[in-house]
Ligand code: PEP
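The chain below stands alone and is given as structure tokens, in the form predicted alone.
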Amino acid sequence: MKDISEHDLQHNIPLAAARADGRRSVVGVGSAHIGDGQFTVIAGPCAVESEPQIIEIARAVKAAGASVLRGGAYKPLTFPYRSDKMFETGEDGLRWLRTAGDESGLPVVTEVTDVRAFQQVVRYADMIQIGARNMQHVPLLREAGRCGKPVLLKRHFGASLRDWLGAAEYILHEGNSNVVLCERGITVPHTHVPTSRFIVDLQVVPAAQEFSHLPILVDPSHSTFRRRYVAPVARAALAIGADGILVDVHPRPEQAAVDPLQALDYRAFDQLMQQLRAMAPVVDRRVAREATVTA
């Protein structure tokens, strides 16, 4: 593995590299602003399952204080098989997500997995997510650079910070300056649980802030893959200086179509938001939006 060098900063990632004046980028996503010093919470289901479901979730996460709604209409799963319990909703899911965003007043972010579906996703989303598996899918990165929407770029579980910033550079090079990084866990030869897939690399947050001006989020749901670890890692992300988090929320997590082991239910998410708001002043931070309505 190669460290980031001065040559990289000047010649390989000059657009992603930290600015000489120390100024950091702020990325607007609808009414939300990521990187402005506040802690932004993006929340919603891993997969959009139905219109009533995503509308209900949108209302609940907004009531708890989330700033952006997330939900996957297209889901690149580990295995190719789908069933009545594990499925993706495609363009129907995109429409439902858009309806939920408009009804709740929350901007929406969703993943694009195929260059051929890019323009379809752009029509519905306020922010485009490039998932970990596609972090180095160059045609997809270039399309993201030309799409006119802010991009959430997840780190591949085997990528160094240098690789990750190189992927961001492709998007920036195509003219899109609105890129947000998202740490979602890395693979290591040993873990604390035999079935654990990823380890959260919290050190990458200050490292990314040292070498780049781009905002950085942490995904405590996918990176831990364990519901009981989500809140502690979310609090750690706030303490270490991340610009926000991306959290899976589902009304009945054990029945979720995708990743049922990691989603928080409404009560757990509301408790997490209360913890973050109580903790934020201690580390001289503020959660981006307080709860304003009751679910």
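These numbers come from a predicted model, not from an experiment. In case it trips you up, residue 1 is the first one in the sequence shown, and so on.
FYI, the form predicted together with phosphoenolpyruvate (PEP) isn't displayed, but the following is about it.
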Among G175, G158, P76, P139, just one has a heavy atom within 4.5 Å of phosphoenolpyruvate (PEP) in the predicted bound form, namely P76
Assert contact residue (phosphoenolpyruvate (PEP), in the predicted bound form, non-hydrogen atom within 4.5 Å, options R123, R133, R146, R82) equals R133
_Between phosphoenolpyruvate (PEP) and K62, S104 and R289, in the predicted bound form, does every residue show a non-hydrogen atom at 4.5 Å or closer?_
no
Testing 158 to 166, 94 to 102, 67 to 75, 115 to 123 against phosphoenolpyruvate (PEP) in the predicted bound form with a 4.5 Å heavy atom criterion leaves exactly one stretch, namely 67 to 75
Practice item. Classify S212 as contacting or not contacting phosphoenolpyruvate (PEP) in the predicted bound form by the rule of any non-hydrogen atom within 4.5 angstroms, answering yes or no. Key: no
| message | in the predicted bound form, does C46 come within 4.5 Å of phosphoenolpyruvate (PEP), counting heavy atoms only? | response | yes
For this session: Indicate whether phosphoenolpyruvate (PEP) has at least one heavy atom within 4.5 Å of a heavy atom of T89 in the predicted bound form.
Result: no
**Q.** is_contact(Q129, phosphoenolpyruvate (PEP)) in the predicted bound form, heavy atom dist at most 4.5 Å
**A.** yes
In sequence order, the residues of 105 to 125 that place a heavy atom within 4.5 Å of phosphoenolpyruvate (PEP) in the predicted bound form are E111
